[in-house]
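Just the one chain here, the form predicted on its own, laid out as structure tokens.
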């Protein structure tokens, strides 16, 4: 009896995931032919609450691409792979407290903010550097225009994915 209830619950979860995946996929299916441009897959996956690294994203694309890549991904190939990703809760976002600690490491004087210049330096010269486009996108969202600085607690609150 418990197995039936559990199976029924799993089926409801899977049905809900299928609905969300189809909804996200259809936004980018401009031809209404159950395909999307491969360049949109990252956006679709992120819209479903997943945050894969670039390497993980490339692996996922390789898994759903045709044997002879066409530049398009078919819904029939994407659906089972994305359902499995969601069921396994892969590519979860980084928790808020971890993001806060990372910013605090960059702010040893504990001011609660980084200047625009500091952030650019850290993001383009340390670790895996941001591209110019990524940097501009981040700055447009993160920098307070009045102080020309990043109040990182506010920025983190804006970035965090709501799990509900």
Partner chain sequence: MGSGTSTQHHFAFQNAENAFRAAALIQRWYRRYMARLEMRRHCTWRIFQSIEYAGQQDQVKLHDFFSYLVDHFTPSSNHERDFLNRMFTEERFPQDAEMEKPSDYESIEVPDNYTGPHLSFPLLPDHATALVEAFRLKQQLHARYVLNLLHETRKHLVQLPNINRVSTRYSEEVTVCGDLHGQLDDLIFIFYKNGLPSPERAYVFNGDFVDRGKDSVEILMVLFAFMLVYPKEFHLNRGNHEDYMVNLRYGFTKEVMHKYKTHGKKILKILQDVFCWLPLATLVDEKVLILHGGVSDMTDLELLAKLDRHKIVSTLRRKTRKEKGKPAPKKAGAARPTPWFLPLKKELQRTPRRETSGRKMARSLSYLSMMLMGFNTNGEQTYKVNANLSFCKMKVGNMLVKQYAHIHPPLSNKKFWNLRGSKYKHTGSNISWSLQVVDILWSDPMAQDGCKANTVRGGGCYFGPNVTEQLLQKYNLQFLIRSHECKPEGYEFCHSRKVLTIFSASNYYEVGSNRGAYVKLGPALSPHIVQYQANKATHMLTMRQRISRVEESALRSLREKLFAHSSDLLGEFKKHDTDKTGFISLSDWAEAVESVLRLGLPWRMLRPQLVSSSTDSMLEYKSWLKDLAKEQRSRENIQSSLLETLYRNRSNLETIFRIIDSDHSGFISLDEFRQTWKLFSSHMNIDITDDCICDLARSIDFNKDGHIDINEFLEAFRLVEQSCPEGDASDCPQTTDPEDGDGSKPSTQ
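Here the rigid core means the biggest group of C-alpha atoms that line up within 1.5 Å when the two forms are laid on top of each other. No experiment lies behind these values; they were computed from the predicted model shown. Residue numbers count along the first chain shown, from 1.
What follows is about the form predicted in complex with its partner chain, which we do not show.
- Taking 31, 118, 37, 63 one by one, only a single residue has any non-hydrogen atom within 4.5 Å of its partner chain in the model of the complex, and it is 31.
- Looking at residue 92, you'd find a heavy atom of it within 4.5 angstroms of its partner chain in the model of the complex.
- Of the heavy atoms in residue 113, none are within 4.5 Å of its partner chain in the model of the complex.
- In the model of the complex, none of the heavy atoms of residue 11 sits within 4.5 Å of a heavy atom of its partner chain.
- The shortest heavy atom separation between residue 20 and its partner chain in the model of the complex is within 4.5 Å.
- In the model of the complex, the residues of 112 to 138 lying within 4.5 Å of its partner chain by at least one heavy atom are, in order, 122, 123, 126, 127, 128, 129, 130, 134, 137, 138.
- Core-superposed comparison between the shown form and the other one: the Cα of residue 28 travels less than 2 Å.
- Once the rigid core is overlaid between the shown form and the other one, residue 124 counts among the residues whose Cα shifts by 2 Å or more.
- Note: residue 141-residue 48 Cα separation is 3 Å or more longer in the model of the complex than here.
- Pairwise change in the model of the complex: residue 141 and residue 20 C-alpha atoms lie farther apart than in the shown form, at least 3 Å.
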